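So this first bit is one chain, no partners, the form predicted alone, shown in structure tokens.
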């Protein structure tokens, strides 16, 4: 029997209850068994994955870890066996809503890679954003009376790997969408993308760091709008692996640049009516780190500081690397002393 791996969605949208996922993978020499017994019963909320979605996650994870020249054909699928009980969040049946089932499906993908980690430590990535990160809005143009509707699935940080950092602001696993260009969105809809950027200090620290999350601010200067968020990760960010640390969690903020009392943190699963002038800031998580942050090459830390990906303070706090603010150079002696002292006193996960 294989080891049991667990994961979860922060909550389902109708309740504050965690959506629990569980898998046990067994390889018997000929077949690979994916047993999802222990996953929660299907929910009233639209976070239920269908049997086909879950099977696709199993096939994807297995294929990603196999030799690149392995063909994907009937012979490949024949050896994938899955137990996912009907009526659960990994095998929803009528009348369970499934429009947000991909949020669960990509989290299943993330869980499967972690389940293979001990056996294939050089091949699996750390946790990614592992959510679709869906944003949509409806708006009526006051000049033309035309109704507009837009939907996007946003990118986020990818998990670090055994020999490389996670890519910044990308889609992950089975997600096949791309970031919509600002010019395209603004030319079709009466709104603005007032900010599009990587999020500094959002990476999961590690010997190899996770990718940075992305911030995309939707501003509606002239017309009221209805905005929908169907996402996750606003309770906990993507996990690190083999001593790597967690990436920054996601944030969804109404009017982020207003004073604190006027700025409101939104849920990852909500619908909100906006007034003219309102802005919704959609901030995706960073990927998890791989390996101890104190083993990261100080030159790589410096490169991230110079590139604006992490701050000098974070270089010291998370990686034990001392960088002088005036010259932006590494103080090698202080870095060595700090890393030695912290390695003795700090227990990494």
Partner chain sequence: MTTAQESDHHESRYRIGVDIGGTFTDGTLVDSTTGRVTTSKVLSTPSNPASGFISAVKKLLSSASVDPSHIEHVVHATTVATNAIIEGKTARTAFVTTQGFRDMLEIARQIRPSLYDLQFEKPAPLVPRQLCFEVEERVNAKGEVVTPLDDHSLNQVVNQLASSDIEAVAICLLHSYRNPDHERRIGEAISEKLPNVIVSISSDVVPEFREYLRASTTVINSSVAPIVSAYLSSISQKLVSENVTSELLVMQSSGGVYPAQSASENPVFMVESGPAAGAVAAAALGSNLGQPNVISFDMGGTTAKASLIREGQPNITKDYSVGGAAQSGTGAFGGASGYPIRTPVVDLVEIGAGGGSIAWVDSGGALRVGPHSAGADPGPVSYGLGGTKPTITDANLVLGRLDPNYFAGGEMKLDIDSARESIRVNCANQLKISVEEAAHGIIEIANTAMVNALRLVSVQRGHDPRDFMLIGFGGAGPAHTVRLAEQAGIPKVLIPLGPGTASALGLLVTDVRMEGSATLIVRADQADLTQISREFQRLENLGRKAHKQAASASGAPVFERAIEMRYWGQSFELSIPAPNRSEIDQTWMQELTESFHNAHQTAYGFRANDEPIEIVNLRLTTVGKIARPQMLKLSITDTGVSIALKGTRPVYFSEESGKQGMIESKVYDRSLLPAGAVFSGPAIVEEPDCTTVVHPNWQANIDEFGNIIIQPKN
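Positions refer to the first chain, counted from 1. Quantities reported herein were computed from a predicted structural model and do not represent experimental measurements.
Same protein, other form: the form predicted together with the partner chain, not shown, and the subject of what follows.
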(request) Go through 79, 188, 275, 85 and name the one with a heavy atom inside 4.5 Å of the partner chain in the predicted complex. (result) 188
(request) Go through 32, 64, 312, 53 and name the one with a heavy atom inside 4.5 Å of the partner chain in the predicted complex. (result) 64
(message) If contact means a heavy atom within 4.5 Å, which one of 179-187, 275-283, 85-93, 254-262 is the stretch that engages the partner chain in the predicted complex?
(response) 179-187
(request) Indicate whether the partner chain has at least one heavy atom within 4.5 Å of a heavy atom of residue 300 in the predicted complex. (result) no
(message) So in the predicted complex, is the partner chain close enough to residue 28 to count as touching (4.5 Å, heavy atoms)?
(response) no
(message) Under a 4.5 Å heavy atom criterion, is residue 60 part of the interface with the partner chain in the predicted complex?
(response) yes
(message) Just checking whether residue 307 would be counted as a contact of the partner chain in the predicted complex - the rule being heavy atoms within 4.5 angstroms.
(response) yes
(message) the partner chain is absent from this chain, but in the predicted complex, do 249, 316 and 321 each have a non-hydrogen atom within 4.5 Å of it?
(response) no
(request) Enumerate the residues of 172-207 that have a non-hydrogen atom within 4.5 Å of the partner chain in the predicted complex, in sequence order, or give none. (result) 172, 173, 174, 175, 176, 177, 178, 179, 181, 182, 183, 184, 186, 187, 188, 192, 193, 194, 195, 196, 197, 198, 200
